[in-house]
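In the form predicted on its own, a lone chain appears below as structure tokens.
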């Protein structure tokens, strides 16, 4: 299958963990349809771990938990498909899943056939309980071949947490997206460190094989299965979503969309941000600034205070002669994030300038020459779209 833009959808794990069921998945599908998520591009609905019985059936096949899924998994898939979505499920390259359920080690071809018969369109493939003497790359290659053998187009979402630098080899195995980090938690430190850890590796991400920095926690507000640490606010959620969009990472929502706040729903449905993430050229951004933030104020020592490695400026080439700029402030105080145009290949001597608009509000910010310094709140972000014009 061809995958030209980062996958978008919803995954059950971040909020619900083991508390999943047929009615929940159906409710989420209806909610996503009715509230415009499908129309915006969120077309995958994925059931994560804890969906099966603790033992395989006599025929060796995985068995859906009859209390959680009394009509079986194909019935869920058929309902999801009837609304226009794609259906996703979870397994693991080890002998047991992360929650201790049977996984696919030495069962790859049988499990792939089972998933195909159920109508699965997406497989998240984890890496827990993996034998110490086994070869991880080979086992991901084995499941990739098993999925291909079914004849069904199934998106292969490998999840090995960055073990053995997957950005160097996953694409060669036919994988469509690969987890490059540990699990996300619903707090600022977790998501910001995860995104920043991959800045030097996104150059190897792109169409047909995307660097996956985990499911989003936007809109969770400290509720759910990964609600650890200080709760994020709307400013921090905007920073998270803006990072994922600028980096070209898969957008897999993890909140309970049935009770999503208005601010979070507007954010994840933002046409301007989704346009950046889903740009058909599929380019990753250039890091044009990664350095200190300086706070000037009366309470700062000596009139100013420095926060090392807390500013980030990303510049992204897009289709239709357009560009995107992301300004991020990871410091505990507000400050100006610098963008010098020469760092993106547009020196003052070129005779050209950039015409900016806010990617979220669409506000016209006018033409700027040589540089742009915007005030960005603590833990906040600004995302801009721009075009090149004669100065």
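Given the structure is predicted, the values throughout are model-derived calculations rather than measurements. Positions refer to the first chain, counted from 1.
Same protein, other form: the form predicted together with a small molecule, not shown, and the subject of what follows.
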Original post:
Which one, 295, 161, 221, 105, lies within 4.5 Å of the small molecule in the predicted bound form by heavy atoms?
Top reply: 161
**OP:** Select from the listed residues 110, 95, 141, 98 the one whose heavy atoms reach within 4.5 Å of the small molecule in the predicted bound form.
**Re:** 98
**OP:** Report the stretch among 335-343, 27-35, 348-356, 48-56 that approaches the small molecule in the predicted bound form to within 4.5 Å, counting heavy atoms only.
**Re:** 48-56
**OP:** Could you tell me if all three of 290, 330 and 379 have a heavy atom no more than 4.5 Å from the small molecule in the predicted bound form?
**Re:** no
Original post:
Even though the small molecule is not shown here, does residue 90 get within 4.5 Å of it in the predicted bound form, heavy atoms only?
Top reply: yes
Original post:
Using 4.5 Å between non-hydrogen atoms, is residue 216 touching the small molecule in the predicted bound form?
Top reply: no
Original post:
Should residue 176 be classed as touching the small molecule in the predicted bound form when contacts are defined as heavy atoms within 4.5 Å?
Top reply: no
Subject >> Close approach of residue 124 to the small molecule in the predicted bound form, 4.5 Å, heavy atom >> reply: yes
